[in-house]
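Here we start with a single chain on its own, the form predicted alone, put down as structure tokens.
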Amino acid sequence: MFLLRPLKGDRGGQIFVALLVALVIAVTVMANLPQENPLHLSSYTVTLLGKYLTYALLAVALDLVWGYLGILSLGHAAFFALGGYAMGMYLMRQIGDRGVYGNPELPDFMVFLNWHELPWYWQGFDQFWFAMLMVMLVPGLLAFVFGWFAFRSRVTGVYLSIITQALTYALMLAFFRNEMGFGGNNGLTDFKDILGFSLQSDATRLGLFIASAVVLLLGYLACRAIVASRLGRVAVAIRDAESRARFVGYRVELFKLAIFTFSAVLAGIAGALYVPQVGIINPSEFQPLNSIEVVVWVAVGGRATLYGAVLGAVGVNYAKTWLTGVLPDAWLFALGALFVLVTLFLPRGVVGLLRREKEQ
């Protein structure tokens, strides 16, 4: 009950939590039905749903800084990808002598590129606890350092958005280089196990789906607790009138830094859950278009609602899955049209429309 305290007075959040719990129960039951049963869920569908939930966590992380703090970050894909790479490094270290080149110490791509020893920054990733620490620490540290300089310099608005986009683009170019030691253009793939469980197992895939749902729930509750606290109220004040908040004595840059860093950590965790379910992480995850897509998810669902971000992430990605299967070349046009339509006719997103209908 203590964990659910942030939901007090949050009717939409209560509905979201109930639906999430119902989804987990339904998927668990249907995935364990015999394959000949018409209600049986394949491992592909379970994995697809798990991927949607990781996207939902990323959207919640962005909504926290955009919806409540007023920072339009076009670089959250960088934090997501860094968390994914940290998880990918752990999974690569678990392959051992089962790799293509049979070297238990070096990942296969390093053997192929004639690397003779493991780089120092790969040390420790054979331990799950260390990898999970890096999943949170690396994105969090990058966000802290970036935010420290940006917020102290009072960079705001479109200028801050451009800088965040430049950050993720620079990281993409860096990770494309083979000399970086992260697999270059191909990235990290061909994972085998996680915590000793085969990633090809239906039970493991279901477990990852459940883990994604649990982490999404905890992430939502944590963000909701922040929003309902004094920190959240000050954040909204900064969003609406930063100069006034600064004038009355608040250290605006510190509030921004704290929330921005926490949001980056959430995005990194989302990336870590994403990688074992899709089976690959490569530099394309850094591309600025991915960050822009996250902004579209939040805008479609509804800014400053948190659960609206979840709705937008799941809805838009379902549409993407369907449309890319039917008309693969039309998706980017559809995405752009969707963003324009939402901006013009649904500035508060789907959640805002539902609230307006309810009030009438």
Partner chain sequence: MSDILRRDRVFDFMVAREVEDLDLSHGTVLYMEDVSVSFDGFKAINGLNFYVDTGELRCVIGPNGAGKTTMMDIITGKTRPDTGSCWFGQRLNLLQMDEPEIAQAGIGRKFQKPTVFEHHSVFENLELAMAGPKTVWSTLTARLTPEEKGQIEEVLEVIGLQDESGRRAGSLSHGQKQWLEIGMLLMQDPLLLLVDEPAAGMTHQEMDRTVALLKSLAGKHSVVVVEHDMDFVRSLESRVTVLHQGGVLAEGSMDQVQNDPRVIEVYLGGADAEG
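Worth saying up front: this structure is predicted, and the values here are computed from it rather than measured. Positions refer to the first chain, counted from 1.
Keep in mind that the form predicted together with the partner chain is not shown, yet the notes after this line are about it.
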Decide if the three candidate residues S229, A245 and L254 all line the partner chain in the model of the complex, where lining means a heavy atom within 4.5 Å.
yes
Taking heavy atoms and a 4.5 Å cut-off, does F197 contact the partner chain in the model of the complex?
no
If you check in the model of the complex, is K8 within 4.5 Å of the partner chain, heavy atoms only?
no
How about D240: is it within 4.5 Å of the partner chain in the model of the complex, going by heavy atoms?
yes
Can you tell me if Y250 lies within 4.5 angstroms of the partner chain in the model of the complex, counting non-hydrogen atoms only?
yes
Assert contact_stretch over 105-113, 138-146, 159-167, 254-262 against the partner chain in the model of the complex, heavy atom within 4.5 Å, equals 254-262
May I ask you to choose, among L221, L118, V278, V234, the residue with a heavy atom within 4.5 Å of the partner chain in the model of the complex?
V234
